[in-house]
Every structure is written in C-alpha cells, then in structure tokens.
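Next up is one chain by itself, shown in structure tokens, the form predicted on its own.
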C-alpha cells in the first residue's frame, strides 16, 4: 500500500452524536485529515475544529455541492452521519460524483435493497459505498460471520443492551407530536428485546395518537414496545449500550461448541470509530479499482487498520 496517499481526506455529513464521535476518530487517525463538516442544521456553536467548512443551508442537497469535488485536494470519503432514513438520498448523490461514502444504516431488513441500489451507482461512477458500518449491523455482523465459520451448524443469539438505541431514538423523535425521545433496548434473552420509549410531548399533542404512531413504526413494530410520557428526557439520557453474542453449534461432526462475545460501550463513540475505520477500507478499495457497495462482512479486515499489510500481519497473526 506504499503507493497510496499518506493522508485520507475525510468529510463528515451530519453533526449529531455520531458525527461528533466520528470527528474525534478522524482527528485521532494517523493517516487521515478532516476535510470538512457539513450539516443543514444550525450547528456553528457545536463545531470544535475551526478549520472545517460549515454549511447551514436548509436545502437538503446544497451541502453536496461542488465543494466536495473542487477543493485543492478532493475529499476522498464522506461519512454520512445522518439519520438512517436519509442515508440513501445523500449517499446516492455522492457516489454518483465518484466520492466514496460510509454510513451506519441500521434497518436490518432493508440493507440488501440499499446495497443493491448503491452498488449500481458506485459501479457506474467508480466509487465505493460501505453501508451499515456501525457495530450492529457492522462489526457484530463480522463476529456473527466468524462464529458461523467456526461452527457452521447451530444457533446464534444477539442480545442488545441494556442501553440507548440511537436508531430507535431518532425514529421516535421523528414522530409528529414528539418534542424529545429516548428509546432503551432491554434484552430478554435468546435475541428477544423490549423497547422502552420515553417521550416528551409537544404542546397540545395527544399521547394516544403519538403512542400509536410509534408502535406502528417499523423500528418498533416487531418488538414488545412500551411508550411512556415523561417531563424530561434529558434527565434520563445515557448513551451506554452493549451486546452479548452467543453461538452454540457443531464444528465438523463435533457438537457442544459454544462461543460468546460481550462488550459494553459508548454507543456513538464506537459507531463513529467503526465508520472511520471503514472509510480507510473504502479508500483502499477504490485505489485497487474495487468499486461498488459493500457491507462490513464483505471487507478485508486488514483494510480497516492503519499501517501496512506487513506491519499488521507481524503484529496480529
């Protein structure tokens, strides 16, 4: 990889919890520089890097103008840190301009259709989109794939939490009549979860109407969900989360193989870090001419790491 540029220019689109965490991870990366932070909301008071270019225009595509491609050195990768349901429209525009993207799209049942749509755009425009690159889906997906390779026959249970789900929280906040929201994921075992959704209502909003809308949303419709009205969501808020992955299965013809993976995390910090690592992989894939949209389980793990192949093989194998 000695022929690759020493610094990968990374821009961040969206400056919520994940965008701020991604900014920290880019700054800490030895092979990256922050090319800009772009957001259509008013976030000037939140920006901690005074070298960044900021956009406050409320037009949804104005932030994707020529500043990404006409800079003195073009942006290599854009981290799409927008809400999940806005990912496709932004990633499509960027990929069509030949710019690599990374996102943390987290609606599991829609990942393949997103991959298919973005893959066609990337192939036509020689770009790379790494989708669903948070920790679940994302690195947990890679762990599940590895465990299945170790025991091809068996069952894997993914138990989330207890902790705050960013995707579910954003979905609840988007419901009409909701001023603020917090969605907590409570593991019940064997991959079954309870959603505890705490909401502050807008003035005049009807709780029953809001509750029905939340329960009907695809984020919540498949799990036991309880909606609770509170005076202050901020008084409850906590970004801690975690996962417990368990697989029991068969290696060859030998039964009773059991593997377990656990972590307790700061949710946005880990998501932002994984996206930054995926940006490195996207940059390297494009340099090799490997265009298209990919999920995390399709990546070479070594591409996620700074340093050369020789350095990482010697250190990790």
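Bear in mind that the values here come from a model prediction, so they are computed numbers and not experimental data. Residue numbers count along the first chain shown, from 1.
Just so it is clear, the following notes concern the form predicted in complex with another copy of the chain, a form of the same protein that is not shown.
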item: Contact label in the predicted bound form: residue 34 to another copy of the chain, heavy atom within 4.5 Å; value: no
item: Residue 93 within 4.5 Å of another copy of the chain in the predicted bound form, heavy atoms; value: no
item: Touches another copy of the chain in the predicted bound form: residue 136 (any heavy atom, 4.5 Å); value: yes
item: 4.5 Å heavy atom contact, residue 265 to another copy of the chain in the predicted bound form; value: yes
item: Contacting member of 117, 213, 111, 174, with respect to another copy of the chain in the predicted bound form [4.5 Å, heavy atom]; value: 111
item: Segment assignment from 177-185, 137-145, 217-225, 204-212: heavy atom within 4.5 Å of another copy of the chain in the predicted bound form; value: 137-145
item: Partner contacts for 285-317, taking another copy of the chain in the predicted bound form and a 4.5 Å heavy atom cut-off; value: 290, 295, 297, 298, 299, 300, 301, 302, 304, 305, 309, 310, 312, 313, 314, 316, 317
